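Only one chain is given next, in structure tokens, and it is the form predicted alone.
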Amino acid sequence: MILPNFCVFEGIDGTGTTTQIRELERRCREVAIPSWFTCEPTNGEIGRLIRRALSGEMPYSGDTMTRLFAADRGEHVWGIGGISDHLAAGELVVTDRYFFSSIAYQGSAGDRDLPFAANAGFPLPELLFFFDLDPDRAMDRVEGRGGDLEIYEKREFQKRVRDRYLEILPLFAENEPAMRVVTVDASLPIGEIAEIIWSETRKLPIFKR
């Protein structure tokens, strides 16, 4: 099932999804488009537990992480005040990461098939942006921020994750043609990427009312 006016940003760490979501949020405010911007893991109880695990504080297995992300996502989509409620209220919903991340990340850290099974019941976005960047360049960005790295922020692992994205996204595009997948060259200047995102997002039904 495709959810109209639901948009997802995906990519390995360091590709600039968070920067571009903030820019898109600013533009939506300027043109008074009702919208809700969110992310995964969420700020709920399960999401906070996941963040502790990502920091290395709680060394869960890859398969446990898959199940935790799926539980957090269930609340994110169908919980009170979640994605479904905001879409029903006539808003554009944009999330930084969705179940494609679980397939790419947890599928690279544990059972490759479990993320598909754990996320089989979730609806698809109408628009998906995949930010693509050489993993070494992406990790240069991540390491340049300073601070502690998360458990998945390792060069070889990020290479596997990118390969997994490149493997699965064409399958979704082929099997679910109603979901528009836009690959973004994340090496482009921030402003140029922002124009691409804005141009593609404005094709969503909410902008045509």
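Owing to the predicted nature of the structure, the values given are computational and were not obtained by experimental measurement. Residue numbers here begin at 1 and follow the sequence given.
Not pictured, yet referred to below: the form predicted together with thymidine-5'-diphosphate.
Distance criterion of 4.5 Å from any heavy atom to thymidine-5'-diphosphate in the predicted bound form singles out R51 from the list R160, R51, R67, R27. A residue is said to contact a partner when one of its heavy atoms sits within 4.5 Å of a partner heavy atom; E176 fails this definition for thymidine-5'-diphosphate in the predicted bound form, lying far away. Although the partner is absent here, E23 sits far enough away that none of its heavy atoms falls within 4.5 Å of thymidine-5'-diphosphate in the predicted bound form. Put simply, D13 is close to thymidine-5'-diphosphate in the predicted bound form: some heavy atom of it is within 4.5 Å. With a 4.5 Å cutoff on heavy atoms, E150 counts as touching thymidine-5'-diphosphate in the predicted bound form. By the 4.5 Å heavy atom rule, the three marked residues P41, S102 and Y105 all count as contacting thymidine-5'-diphosphate in the predicted bound form. Contact annotation: thymidine-5'-diphosphate lies within 4.5 Å of heavy atoms from the stretch 150-158 in the predicted bound form, the single such stretch among 150-158, 55-63, 27-35, 180-188. Contacts with thymidine-5'-diphosphate in the predicted bound form, taken as any heavy atom within 4.5 Å, map to no residue of 174-190.
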